[in-house]
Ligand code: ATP
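Only one chain is included here, represented as structure tokens and corresponding to the form predicted alone.
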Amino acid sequence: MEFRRLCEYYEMLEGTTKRLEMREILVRLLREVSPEEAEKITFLSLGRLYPPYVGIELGMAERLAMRSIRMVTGASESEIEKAMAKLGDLGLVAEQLLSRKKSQTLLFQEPLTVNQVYATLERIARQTGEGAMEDKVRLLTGLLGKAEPKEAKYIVRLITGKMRLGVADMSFIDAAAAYLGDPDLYKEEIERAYNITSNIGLVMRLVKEGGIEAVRSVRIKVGVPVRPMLAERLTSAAEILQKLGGRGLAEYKYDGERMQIHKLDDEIVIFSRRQENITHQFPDVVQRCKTNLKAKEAIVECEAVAVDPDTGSMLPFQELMHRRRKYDIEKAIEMYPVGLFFFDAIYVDGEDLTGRPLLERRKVLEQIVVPDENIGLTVAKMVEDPEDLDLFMRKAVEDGCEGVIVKDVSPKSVYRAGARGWLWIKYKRSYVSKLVDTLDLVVIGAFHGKGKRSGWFGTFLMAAYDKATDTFKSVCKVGTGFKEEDLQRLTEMVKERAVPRKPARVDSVMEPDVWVEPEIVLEIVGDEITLSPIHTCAYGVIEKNSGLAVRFPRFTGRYRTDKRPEDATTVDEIVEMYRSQLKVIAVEEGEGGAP
């Protein structure tokens, strides 16, 4: 496929915010490409070259891209900066400046192909070491020199991480199912293949190569992360046990980092919940797993918790983030040792365990994990009585945990990779009539600061994730809880992700000063969940002309870099929180039940 043809599709995607139109555009694109191109185009459209676990980023600083634009167009640095100030998009700057220079010369040029563009971007991404920046500029300059103005726009956006067409992994899954002829029939199988490979490009190539049969042939593989199973949330022990049929396994919910550990003989690979390879940050964990995981092949999950080296007590999540460093790792190991608490087994010695019930998987885990003072299984207890569950939850909090996860133990308690559902239910603490628990919300917009905050963004429009529509729905504005360094950091983060119009995956009536691609996840706490006529979270679910909002929200200081936007608090969870509040208020006011 010629790259300019792909750019035509990109312009069509940019021209609509309607999800069904986007799906149809992607279906038409799929029909035109080869299997190999389908894989590459999928990644390019998402602004990357590989799945996250490969760990090679495409991003190139705007200043370096400006040098390439200057070399190709002959424009001065001041001209480029002036155009950038006016247009706010370096891709548009490249298109505009190249349009002035290129006219007749394009008639005699061989058109760029998707494969050529991908190969050059791949070379740019892989440049490391001394002289790497100059090599990146040289390669980009050569590519832009062969590009039409429209192609240059998207090449520059790709290379600077500003692609943002409004499509996400789920957009391609929907399109693949429609391409195969029946979105409802095939979507679940395609999504499962994606969830056990964490590789949307591979899935799209398989769809083109062999249709649904090729997708069904996908198997779990050690070394390739499985997208983690997620939990729903409820606020009373009685509700949780009722949801689980009267019985469940309650496990401590540790305030740490979720790890998926892969073992093949003596090789250990550690993935974060976002499928990032974090092995190099935890050499101590690698050594322990070599000796304490008694399996030749394994994919197991644990929570890594920072431990006070003097007292042995567990430390908050923020302390563990000191381990997220590239240098002085040995010093970090000494200052911030970790304990590992295993809670699930996904694959062991050739057997995919995801289809087996929870208690069978935990039994396998008990057989392969050799406990010591730093390693063990999660503290767990079978519960059938709400009072018993409440006591266990309070004990978990006393022991330094956030609360508990209560899990289904019936025959249907399989491991649902990548899915959030009622097989696992978070139970942190009582809400009483106030919102005490934290929410992980996504920045979708920002408002300019005033007074002491002048020059920064001072308030942020936050959203919850709606899995049913794959959109982010506004739920509050937050402007408190931020230190000066937070505002500086968030201003930079917002500027990097700012877009000229509302992103396609954002559902908001409220208009911020600046729209932001939904990528930044912050931990927020508030007083309660209230009805709101202006926020779109759960709009029409509780009352016809109202959504739900967080009242008096404030930033806790915690950046949820361990979570993808799609892992944020969901609309459904917020609905459950609101309904739980009503039940508590009704009891307090003597009504004896929920409205």
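These numbers were taken from a predicted model, which means no experiment stands behind them. Numbers for residues come from their place in the sequence shown, where the first is 1.
From this point on, the text means the form predicted together with the named molecule, which you will not see here.
In short, of 452-460, 247-255, 475-483, 161-169 it is 247-255 that has heavy atoms within 4.5 Å of the named molecule in the model of the complex. The partner is absent here, but in the model of the complex a heavy atom of A231, alone among V514, L293, I520, A231, sits within 4.5 Å of the named molecule.
The contact with the named molecule in the model of the complex, taken as any heavy atom within 4.5 Å, belongs to K428 out of R497, K428, R157, K208. The named molecule in the model of the complex is not approached by R356, whose heavy atoms all lie more than 4.5 angstroms from it. In the model of the complex, at least one heavy atom of R273 sits within 4.5 Å of a heavy atom of the named molecule. The shortest heavy atom separation between I405 and the named molecule in the model of the complex is within 4.5 Å. Taking the partner from the other structure, the named molecule in the model of the complex has a heavy atom within 4.5 Å of a heavy atom of E303. Annotation for 329-348: the only interface residue with the named molecule in the model of the complex is F343 [heavy atom within 4.5 Å].
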